[in-house]
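Below you will find one chain, with nothing else, as C-alpha cells; this is the form predicted on its own, and questions on how it binds or moves follow later.
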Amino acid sequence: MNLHRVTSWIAFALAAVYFLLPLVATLEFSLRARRGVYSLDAYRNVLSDPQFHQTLGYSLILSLATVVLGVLIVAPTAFWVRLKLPRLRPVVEFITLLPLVIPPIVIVFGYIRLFNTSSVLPLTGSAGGTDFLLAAGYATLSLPYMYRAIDTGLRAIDIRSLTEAAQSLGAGWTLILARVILPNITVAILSGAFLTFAIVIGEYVLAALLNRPAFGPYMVWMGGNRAYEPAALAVVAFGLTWAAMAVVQTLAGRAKHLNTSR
C-alpha cells in the first residue's frame, strides 16, 4: 500500500513538472523585457493595447454565441436519440467525431465556397453573416466535446421517467426540454461550455481565413512581431482559461446544489 502511494506521488510530481515547467519558463521569459531586471513591461504593453481588448471582447462574445448555438443543436439531438432512437447512437457518435478528423481549413474553405458573395446565401458579404459562419464553425469544432458532455449528463438521469411525468402533466416537447431536461444537465452543459471557450479563445484558422478580429489571430500576429509580449500574452490567455474553469466549477457546484435541494 505504501509503495502504491509513493508511486502515485512520483507520477503526480512528474506530471506536475511536465505541465508546469513550460509555464514557469514562459512566465520567467515574459518578465525579461527590461534588460538586467525583472519587470512587467511586457504585460503593460499587452494590456494597454486597444487591439488586445477588441479581440478578447470579440472572442468572449463569440464564445457565448457558440455555446448557445451548440446547446441548441446538441441538447435536443442527444435527448431525442437517447429517448427515441437508441439504435442510431453509434451513427450520431461517429458524426460528432468527424471534426476531429476533418481539418479546420477544410471546413472554412467549404464555408467560403458555399456562402461567398456570388452564392444564393452570401453570408460572407456582411460582418454579421461572417460572424454567424464563424460561430457555426466553432460549434462544429466543439461538437465532439459538447455532445459527449451532454450525453453523459443525460445518461446520469432517468430521462424516460422525467419525460413521461412531464407529459402526464400536459407538457409539450419544447417545455419538457427547456424546463425538465436542461436544468438537470446544467453541470454537463457547463463542462461542454468550458471546452468550447478554450477552443474559441485559441483557434486561429477559421478566424484568420474569415478575416474576423478574434483573439487567436491576434496572438499569432503578436508572436510574429514582438519578442516578450507573446510570452506575456500566453500567460494571460492561460490565466483567462483557468479563470473560466473556476467560474464553470462554481456555477456547476451551485447548479448541483440546487438540483439536490429540489
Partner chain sequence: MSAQPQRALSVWLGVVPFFAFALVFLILPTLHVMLGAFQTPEGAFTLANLGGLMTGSILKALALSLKLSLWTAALGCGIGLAVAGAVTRGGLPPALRDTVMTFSGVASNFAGVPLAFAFIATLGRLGLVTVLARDWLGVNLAATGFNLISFTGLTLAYLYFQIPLMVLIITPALDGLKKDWREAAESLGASGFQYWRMVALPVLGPSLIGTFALLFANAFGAVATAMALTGSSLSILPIVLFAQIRGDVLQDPHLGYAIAFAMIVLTGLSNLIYILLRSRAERWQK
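Residue numbers count along the first chain shown, from 1. What you are looking at is a predicted structure, and each value in this text was computed from that prediction instead of being measured.
In what follows, reference is made to the form predicted together with the partner chain, a form of this protein that is not presented.
Within 4.5 Å, heavy atoms only: does residue 128 come near the partner chain in the model of the complex? Residue 128: no contact with the partner chain in the model of the complex.
Using heavy atoms and a 4.5 Å limit, would one call residue 237 a contact residue for the partner chain in the model of the complex? Answer yes; at least one heavy atom of residue 237 falls within 4.5 Å of the partner chain in the model of the complex.
Could you confirm whether residue 139 comes within 4.5 Å of the partner chain in the model of the complex, counting heavy atoms only? Yes - in the model of the complex, heavy atoms of residue 139 and the partner chain come within 4.5 Å of each other.
Taking heavy atoms only, is residue 26 within 4.5 angstroms of the partner chain in the model of the complex? Residue 26: yes, in contact with the partner chain in the model of the complex.
Have a look at 71, 190, 154, 143 for me and say which one sits with a heavy atom within 4.5 Å of the partner chain in the model of the complex. Of 71, 190, 154, 143, the residue with a heavy atom within 4.5 Å of the partner chain in the model of the complex is 143.
Need the contact residues for 217 to 236: heavy atom within 4.5 Å of the partner chain in the model of the complex, sequence order, or none if there are none. Residues within 4.5 Å: 219, 220, 223, 228, 230, 234.
Residue pair residue 15, residue 149 - Cα distance in the model of the complex, closer or farther (3 Å or more): Compared with this form, residue 15 and residue 149 lie farther apart in the model of the complex.
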